[in-house]
Each structure stands twice: as structure tokens, then as C-alpha cells.
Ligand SMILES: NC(=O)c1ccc[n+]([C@@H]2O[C@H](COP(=O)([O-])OP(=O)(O)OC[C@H]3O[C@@H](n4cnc5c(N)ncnc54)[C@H](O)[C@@H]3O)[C@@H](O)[C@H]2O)c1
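Take a look at this single chain in C-alpha cells; it is the form predicted on its own.
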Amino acid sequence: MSDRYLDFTNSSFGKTLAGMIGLPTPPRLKRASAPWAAQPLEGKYVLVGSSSGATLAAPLLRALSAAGAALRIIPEHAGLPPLKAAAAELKLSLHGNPAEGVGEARNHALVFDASGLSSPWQLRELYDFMQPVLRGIASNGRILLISRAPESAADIQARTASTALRGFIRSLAKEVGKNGTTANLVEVPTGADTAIDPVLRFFLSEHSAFVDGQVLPLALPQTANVALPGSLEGRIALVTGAARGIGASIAETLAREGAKVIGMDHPSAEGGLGETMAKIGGVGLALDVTAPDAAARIAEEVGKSFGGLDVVVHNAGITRDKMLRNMPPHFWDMVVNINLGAILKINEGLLKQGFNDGARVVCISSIGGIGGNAGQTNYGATKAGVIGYVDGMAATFAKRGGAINAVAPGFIETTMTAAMPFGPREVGRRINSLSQGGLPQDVAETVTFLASPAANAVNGRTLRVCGQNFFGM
């Protein structure tokens, strides 16, 4: 469904009127229109800074250079020595940031290596880097902080400073969203420095347009590094609930990146499933996720033609909303069985037979499982359960060289949200830092990134795709 308010406020008259009376003006987001590129930052300027004693300067500059970025620095900044030393070692050129209003191209991204923070007072280096240059960032820009995880800090002062970055990035994201800019934080454990490259490519590209205000802690990679472009070529992927909406978009995006997709949906949706699979050269599987033999049927059908599964996306889900005091038992049972129970049973079966080594699983959670919604105790319980499940199963998948993660969408423009009453629909669209609903593509892009073996340092995590919804963590 079209967002008429967004269209209006981006017109000349609408923008003027909204500014006069103080209404939010949602920006037009630039989304990806092509597969992952070898150099997604080609022709774009990235302003890089660091804290004194930063330890991630070399892998950070290497990743940015490989992605095609033109690197800028603030010459007088206190944290410059680690960057200059790394640039000299890598034989990279660092250019001074032009003064505001000079006329040179604006910075597409601000990237800060905060891995050297040793005390709360040293946070001043982050302020000194960001404060003067925020006004100069391009529309649909990106801000990314790289740090060590607080848990790995040497002492309480360093841990305090590292934890402070989480509040900083969430607050900053709410300031810069007006022009479509997003701000995120990646926490890198010692030993995972080379895992920065694919994560940086995702967060600094148009593939992450609706991922905002997020903190993503990485894990130690269980497998060798893989380049993001082409990493899903020839992989066998199963997507449940693939007939329409978000599931169809996930299937299309996986296929765009080279995966062979098996779309699965309830037999009642077989017609729509066939149409979706025909568009992408996929294979349809009409099967109820709650069928007692669902895992065995999947393994059998996939085994006939493909041998095994490299990717499984658990997207199938329903809502049956009712205040708890009025909720009939079958509403509760349907939601729990489809949204959560089926995931556990299918994965349990496929772990015995059906998954290839290194298989990656992505489960769809929801902002409703984080912030909660009245009338959705059943739905909220299942979506919070998904978050706990992927955290608890991370070690099991890591032992097999794979991973399991979750994506938690916020308000997404689908046929379901289009049927909402006008008032709640408009509120749902505006209560995030980007002042608009996301698109199914936004969820699909994040799912596809997490499905890639290039994201080998992301395991047991839940990444929100909500434009930084104002509710929940």
C-alpha cells in the first residue's frame, strides 16, 4: 500500500507545509536495486576516525578500501595515529575532510573505530570526531561504530566506556534519521577482526536501508572467511510461508544472490506459491509447517533433487489477536504451533537429516516480541520465544560450521498492515527514527545477509529491521 503521507511531504508544497506546522517529513530511502556488489562504496567518500590506541584500524581500512571507498580523515583529531599507521602499512591514501561549504562531495558514511576506548573520559574523542561533521553527511548516509564487546574489556573503566557506545548510537540514530541516515554499532571480539568486511559492506550499503539504531555483537568465526558477493551462488535454500508478502520477497532476494530456492507454504496457498516460484525459477513445496512429518517430508523432497539444505528461513507465521481475557484456546494453540512449535520441530528433524554442514538458519521474530502489543500475548510470546531459541541453539549450529539468527521486523507495508484502521496504521508507520514503514524487501535483504556464509561471525543474534522503532530495546 502506498504511503500517501510520505509522498505528500516529499512534494514541494507538502514539505513546506510540514515544516511550517512541525509535522514529521519522512525521507525517501534508497534501497538496493541489484545484487551485492564487489565495490558497493565505489565513488563514495567515507570519513574515518578512531580513538587513541584503537586496535581495529588495519582491518577497518582494508575493508573500506576493498569496498571501493575514498577515505577521508580529520587531520587534527586526537585518534589519528592508529589510522595513519595502518594506512602506511596498507599503502592507502588518506585525504583531509573538506571544510563545510567548500563544494566537494559530501561524506556518504562516518565510520569510527572505538576499540581503543579505555575510560568514559575518552569518549570525548568520539564527540570531537562526530560533532563537527554530522551536518555534512549525505542524505541516506551511514554512521557505523566499531568497538570491542564490553565483556572483553580489560577493566571496569573500559567496560563502562564500551557499554556507553550502545546508548550513544541509539540516541544518535534518532537524531540523523530525518535525512534517511542510519547509525549502527558492531562489537568485534578479539580474534574476529577479519569478519568486519562483510558486516561493514551490509551496514554501509543500500541493502540495510531500514536497519537503524542496532547493536550487533559478533562471535568468533567458525569457518574460513568468504567474500559476500557470490557467496550464495548455488546454495539450496528453503523458505517457509513463501507464497506472498515478506516470504515471497525473501525468496526473490535469495534467488537474486544466486541461491536455488524451494518455497514452502500451506497447500491452500499452492496457487500463489507456484506463481512466486515461477518468477525466480524456484521449486514449490505445498506442505503445512505443523504437519507431524514436516521435517521428514522436507528432507525427502529436497534430497531427491538437491541432496540437502544450506539455508532455511522460517518465515511462516500468523496472528490471531484478542485480549487475553477474551482469547479462545484455539487462537493460542494455532499461533504457538505455527510461529514457534513448527520451527523447533522442523529444525530438530533437519539436524538429524536434511541440513548440509555449515547450514545457516534465519527465523523471523518481530518487534512485537520485544516491545509487546495489547491483544497479542500469543504472538508476542512466540516472537520472544524465537529470540531465546536462536540464542540457545547458536552453539549447536556452530559445531556444524553453521549459524542460526533471527530478524525482528517492525511495521512493514504488507497486505496485513494495509488492512489496519487508518489511525493505528499511521501511528505504526511514524513511530521510528525514519518516520515510515519498511518494505518486505528490507526484511528480505537482512535475511539474505544472515543466510550468507560470509556472515560467519553472526550467530545467535536478533537483528531488528524496524527503522529504529521507538518501543523495545
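So that there is no doubt, residue numbering starts at 1 and follows the sequence shown. Given the structure is predicted, the values throughout are model-derived calculations rather than measurements.
Omitted from view is the form predicted together with the ligand, to which the following refers.
Trainee: Out of 321-329, 299-307, 109-117, 286-294, where are the residues with a heavy atom within 4.5 Å of the ligand in the model of the complex?
Mentor: In the other structure, the partner sits against 286-294.
Trainee: Going by heavy atom distances of 4.5 angstroms or less, which of His207, Lys383, Arg142, Arg360 would be at the interface with the ligand in the model of the complex?
Mentor: That would be Lys383.
Trainee: Taking 4.5 Å between heavy atoms as the contact cutoff, choose which of Ala269, Ala86, Ile137, Ile196 touches the ligand in the model of the complex.
Mentor: That would be Ala269.
Trainee: So in the model of the complex, is the ligand close enough to Gly180 to count as touching (4.5 Å, heavy atoms)?
Mentor: No, Gly180 stays farther than 4.5 Å from the ligand in the model of the complex.
Trainee: With the partner left out of view, is Gly245 within 4.5 angstroms of the ligand in the model of the complex by any non-hydrogen atom?
Mentor: Yes, Gly245 sits close enough to the ligand in the model of the complex that at least one of its heavy atoms falls within 4.5 Å.
Trainee: Do Phe411 and the ligand share at least one heavy atom pair within 4.5 Å in the model of the complex?
Mentor: Output for Phe411 is yes: heavy atoms within 4.5 Å of the ligand.
Trainee: Examine Ser52 and determine whether its closest non-hydrogen atom to the ligand in the model of the complex is within 4.5 angstroms.
Mentor: Judged by the heavy-atom cut-off of 4.5 Å, Ser52 is well away from the ligand in the model of the complex.
Trainee: Could you run down 314-333 and flag each residue that has a heavy atom within 4.5 Å of the ligand in the model of the complex?
Mentor: Residues within 4.5 Å: Asn315, Ala316, Gly317, Ile318.
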